[in-house]
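The data below hold one chain only, encoded as structure tokens and taken in the form predicted alone.
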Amino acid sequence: MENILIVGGGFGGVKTALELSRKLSSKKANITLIDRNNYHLFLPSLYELASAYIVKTDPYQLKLRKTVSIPYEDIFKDTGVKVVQAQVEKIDLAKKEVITGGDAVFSYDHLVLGFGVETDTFGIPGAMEYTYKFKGIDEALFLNQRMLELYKKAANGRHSLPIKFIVAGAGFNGIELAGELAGCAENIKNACGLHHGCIDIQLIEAGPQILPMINDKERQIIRRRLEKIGIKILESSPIKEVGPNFVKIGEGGEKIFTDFIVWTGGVRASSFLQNITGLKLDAKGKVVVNPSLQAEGREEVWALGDNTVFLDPATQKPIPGLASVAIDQGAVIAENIKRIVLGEKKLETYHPEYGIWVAPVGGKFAVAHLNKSLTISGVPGWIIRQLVNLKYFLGILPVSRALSLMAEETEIFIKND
């Protein structure tokens, strides 16, 4: 009987656990997933949560929480996967043990590392202290609640207009959040009886252009959409300092005053990895893996997602940290662990595929890159995004639960559109 431990219930961890439960019987392996939460966080909708127009009948934000937190009980029901809600305190590779809070010890024959990422503020003074971070439910809901409070103050004449937002970082997360903030702000403004021109949203990018990883045609579609919904774009504007109500940008240190500073500027691998003795990391703290996704020098340790460095053989560049990448890696790891458990010698090699992406840009508008020659934007792009989400839900949940979750998301988030 093999003990398989999966640390982290992100996209890759959930995929690994589900695939292993399908490939190996309970007589062959014990499969355990350890996570500090009792739910799987659906990160692609987190920006929707932060910007969702508050439901009056939901004072404790329970409906909002449910839209992005999928209970592990729903995902792993009748699969044989055991879920342990605990904080991992230590991993001992020599003893093949994972120690959690309360000194609980879990032994393993195979260990899958799927830790999440952390916000990276690149050492910019004040960025950690004064910005709204964007990696979890509580952070997103806190921003949501503060927005509503400030709009109410403005409606009562206790705060000057316009209410100002800065979104720091114009990658996909920053673009999506800025677009949704525009819709949410418009809804709250109308509900509070405020006039036009009371919203100011600036999207700040340190580099020379937003979304440098996409082609010019797609970038222009997104740029025009952002400008149409009232978002100002500042490129070549590196943030040098952040204060409680301002940012300094550029070499001259120009001050921009604001009410909200939301940090979407970058992430880094979990710092916990640096505490694991014997685990080889690269200069950025990511796990070095071989083509089969085994940690270098540790054939019983596997790693996936944003915590790994994997060079695309075609470009010799690191592959991007996308949900689809982690899911594909989880499937490869599950297949390889199955082969080892069943005594097969040849392991599968991971071949990265990440040519498809969909970027929502406020309301029922998205840009969907399907291949090098096909890009769909507008409402059709938004529909594709919904179908992508539904496909994922159907892959991890029973059909009825997946459809119910999709309906709940649509009911709440469409209020921004």
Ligand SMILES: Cc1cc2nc3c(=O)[nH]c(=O)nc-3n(C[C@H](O)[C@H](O)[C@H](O)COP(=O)(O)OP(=O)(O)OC[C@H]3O[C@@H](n4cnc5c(N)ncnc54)[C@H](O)[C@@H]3O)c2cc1C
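Position 1 is the first residue in the sequence shown; the rest follow in order. Since we're looking at a predicted model, the values are computed, not measured.
Only in words, not in the display: the form predicted in complex with the ligand, which the text now covers.
The shortest heavy atom separation between residue 219 and the ligand in the predicted complex exceeds 4.5 Å. Contact between residue 179 and the ligand in the predicted complex is not found at the 4.5 Å heavy atom cutoff. Although the partner is absent here, residue 369 lies well away from the ligand in the predicted complex, with no heavy atom inside 4.5 Å. For residue 87, a non-hydrogen atom is located within 4.5 Å of the ligand in the predicted complex, even though that partner is not displayed. Partner proximity in the predicted complex, defined as non-hydrogen atoms within 4.5 angstroms of the ligand, places exactly one of 79-87, 179-187, 279-287, 220-228 at the interface: 79-87.
Contact with the ligand in the predicted complex, defined as a heavy atom within 4.5 Å, holds for exactly one of 155, 331, 323, 211, namely 323. Residue 37 is the only one of 386, 32, 69, 37 with a heavy atom lying within 4.5 Å of the ligand in the predicted complex.
Shown here without the ligand, the chain has 114, 115, 116 in 101-116 lying with a heavy atom within 4.5 Å of that partner in the predicted complex.
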